[in-house]
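The chain below stands alone and is given in structure tokens; this is the form predicted on its own.
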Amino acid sequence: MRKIMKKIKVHIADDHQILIDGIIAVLSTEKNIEVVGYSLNGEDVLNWFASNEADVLILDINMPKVDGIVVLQNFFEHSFQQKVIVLSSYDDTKLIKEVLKIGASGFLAKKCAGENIVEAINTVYEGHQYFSKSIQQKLMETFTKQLSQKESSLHDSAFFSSITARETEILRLIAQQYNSKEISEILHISVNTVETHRKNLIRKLGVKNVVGLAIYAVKNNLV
């Protein structure tokens, strides 16, 4: 007997019908994803979820009647179980930090929605966080700037006090997109040593990669 694939149920909330239609068109080709509803304002989102279910909510921040931040807060105050991917035209660190603290599972720039939406939905549904490349870059730039500020003490938080001077050097270079071989040449250490420091950085905070470090830092007010 053939096993029936469980579809990921998605609800889309945005105040532009044309964007909703575009996302629906993209998702209609995915066998494991089903759009079960959409809303054009925040009030309708809350009303819809009061009597319906979805696995993933794609949520615009700038919504009429009730804005996306309030919708997000309401969801997590009432322990809703679905994952939320924030969709926004804005990518400032303050906004990213705010939605992460509330409990969003992902942040997707609207300009990248068409090409990244499927990957984002599958990623958060599996229990991971998702950020489009432009958002990842924003997080890394903010994190690197914080690490590079001469007046910042590495002992100002449990996070920074747990990182050695050498690990800080390596993290800065990783954030500048140097690979392990290049870092080893710059610091005159072996590639294996670089990899060990990289793994230690990731292990100390229980994240999956260096972007995870940046996300942790933003989420926990370290930048």
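Model, not experiment: these values are computed from the prediction. The first residue of the sequence shown is number 1, and the count goes up from there. The term rigid core refers to the maximal set of C-alpha atoms that superpose within 1.5 Å between the two forms.
Here the subject shifts to the form predicted together with the DNA, a form of this protein not shown in this document.
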statement: Exactly one listed stretch (182-190, 53-61, 40-48, 25-33) reaches within 4.5 angstroms of the DNA in the predicted complex by non-hydrogen atoms, and it is 182-190
field: Complete contact of H16, D21 and C112 with the DNA in the predicted complex (any heavy atom, 4.5 Å)
entry: no
query: Taking the shortest heavy atom distance, is R166 within 4.5 Å of the DNA in the predicted complex?
result: yes
task: Using a rigid core alignment, state whether the CA of V36 is displaced by 2 Å or more between this form and the one not shown.
output: no
- prompt: Has the Cα of V26 moved 2 Å or more between this form and the one not shown, judged after a core fit?
  reply: no
